[in-house]
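Quick setup: one chain, the form predicted on its own, written in structure tokens, and binding and motion questions come after.
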């Protein structure tokens, strides 16, 4: 009997080389496309990096960080929005740590460390270059760490978690708006809000309020009661029939008309919140309705056969499955709404985008730089928007994975 000579072991299927061979160079066409696109991306990143390091004028951006963050919010009271950030991070860290103890909470943990890292970086910058808010940022960071530590080492606080959130959100509002006529907690009117503070307020309010309104409109459109059904259909179709910028124009005039008050008596922020929320609710309703239609009728029939009422069937059986099916669409709309806040300049508000687009480039100091600083401001704003929206998309994918969306 003749022995067969030993053969070489098969090529490794793991590691960076194997991944490149399997995904980017699996064939001639794939290799050519990968090399061409890789070369284009590498050249673009090289040119962008060289411009950012040697050609860009970042000094106006650095000098106007206060405008970009809070605009005309009083500088001596800037500590209040920062402490409000600390309260939110503390509650997020508390929730994340409590979830980690029981093997859950990956989404909140990711959110906490993502935005906590940003707060820690800003604290480091404040300690070096921002003496006026140095203590505030340091306190906010300590609050974020304390929240996570309490959630990890004092697990019984889970019983009060909901109450802490219920108390924390009004505290955040009080810190930003104020309660008194003078002093450290003097009222700061919404006309003085601006920058990224205003962007976050509008986006958070619009997303939070439009979600239940959208669900109500989606259910109303499928109602058997003609008054509710046709009202929902009319509202959705009319609102979706015009762009957001049109409704912002209309809100600036129609809201005072409907309430029979002078136009100046209603803050511009209120008018913007109404327009943004109702516009988002109309689109949210159609997204939810698509999810409702994806639930088989057999689910409803089985629930009714078990003795559940129509409302119980919708609340416990149909709606959870419908929302689960449209998570990517809902998060995509939330991301779009976060970016659409840049249109509120229509009602005279100066959000993050408006300050970068018009206020800073028109300053005399900015005009001294060759070509202005609009490109530098645009790159900075794009990075800021990306930082927040990318975290939202990551949370969406994590939620889909936890709920098994797309899996059987």
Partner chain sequence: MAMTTDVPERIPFWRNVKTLGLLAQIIFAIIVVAAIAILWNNVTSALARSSLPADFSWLGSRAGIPIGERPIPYTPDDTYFRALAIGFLNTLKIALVGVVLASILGVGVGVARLSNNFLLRQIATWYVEILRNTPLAVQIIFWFTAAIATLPPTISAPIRLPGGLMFSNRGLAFPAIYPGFGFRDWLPWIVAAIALYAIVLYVRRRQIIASERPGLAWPAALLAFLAVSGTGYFVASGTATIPEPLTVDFTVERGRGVTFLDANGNGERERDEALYGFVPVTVRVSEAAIETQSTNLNEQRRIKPSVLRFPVLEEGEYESFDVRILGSADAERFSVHWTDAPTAGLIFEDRNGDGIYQEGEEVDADGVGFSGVRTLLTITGFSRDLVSDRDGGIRIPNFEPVGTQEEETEEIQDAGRSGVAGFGPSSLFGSPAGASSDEEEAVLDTTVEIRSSGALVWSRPSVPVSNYEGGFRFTASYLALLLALVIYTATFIAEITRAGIMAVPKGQTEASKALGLSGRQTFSLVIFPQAVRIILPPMISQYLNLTKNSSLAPLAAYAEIFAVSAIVANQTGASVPVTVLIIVSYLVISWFFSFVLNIVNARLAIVER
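Under this definition, the rigid core comprises the largest set of C-alpha atoms superposing within 1.5 Å between the forms. Note that the coordinates shown come from a computational prediction; the quantities given were computed from them, not determined experimentally. Positions refer to the first chain, counted from 1.
Separately, the form predicted together with its partner chain exists; it is not shown, and the next lines address it.
Though only this chain appears here, would residue 57 touch its partner chain in the predicted complex if you measure heavy atom gaps against 4.5 Å? Looking in the predicted complex, residue contacts with its partner chain do not include residue 57, since no heavy atom lies within 4.5 Å.
Proximity of residue 30 to its partner chain in the predicted complex, heavy atoms at 4.5 Å: Although its partner chain is absent here, residue 30 would touch it in the predicted complex, with heavy atoms inside 4.5 Å.
Using a 4.5 Å heavy atom cut-off, state whether residue 24 contacts its partner chain in the predicted complex. Yes, residue 24 is a contact residue.
With the cut-off set at 4.5 Å between non-hydrogen atoms, does residue 49 touch its partner chain in the predicted complex? So residue 49 does not count as contacting its partner chain.
Sole residue of 160, 154, 258, 204 within 4.5 Å of its partner chain in the predicted complex, by heavy atom: Partner contact (heavy atom, 4.5 Å) among the options: 258.
Can you pick the one in 77, 254, 150, 317 that has a heavy atom within 4.5 Å of its partner chain in the predicted complex? The residue in contact is 254.
At 4.5 Å between heavy atoms, only one of the stretches 90-98, 219-227, 116-124, 170-178 reaches its partner chain in the predicted complex; which one is it? Result of the contact check: 219-227.
Within 108-129, the residues that have a heavy atom no more than 4.5 Å from its partner chain in the predicted complex: Stretch hits: zero.
Compare the position of the CA of residue 141 between this form and the one not shown after a rigid core fit and state whether the shift reaches 2 Å. No, the C-alpha position differs by under 2 Å between this form and the one not shown.
Does residue 252 count as moved between this form and the one not shown, where moved means a C-alpha shift of 2 angstroms or more after fitting the rigid core? Comparing the forms between this form and the one not shown, which are aligned on their rigid core, residue 252 does shift its C-alpha by 2 Å or more.
Quick check on residue 25: with the core superposed, does its CA move 2 angstroms or more between this form and the one not shown? For residue 25, whose C-alpha is compared between this form and the one not shown after core superposition, the shift is 2 Å or more.
A 3 angstroms or greater change in CA distance between residue 328 and residue 165 is reported in the predicted complex. Closer or farther than in this form? Distance between the C-alphas of residue 328 and residue 165: shorter in the predicted complex, by 3 Å or more.
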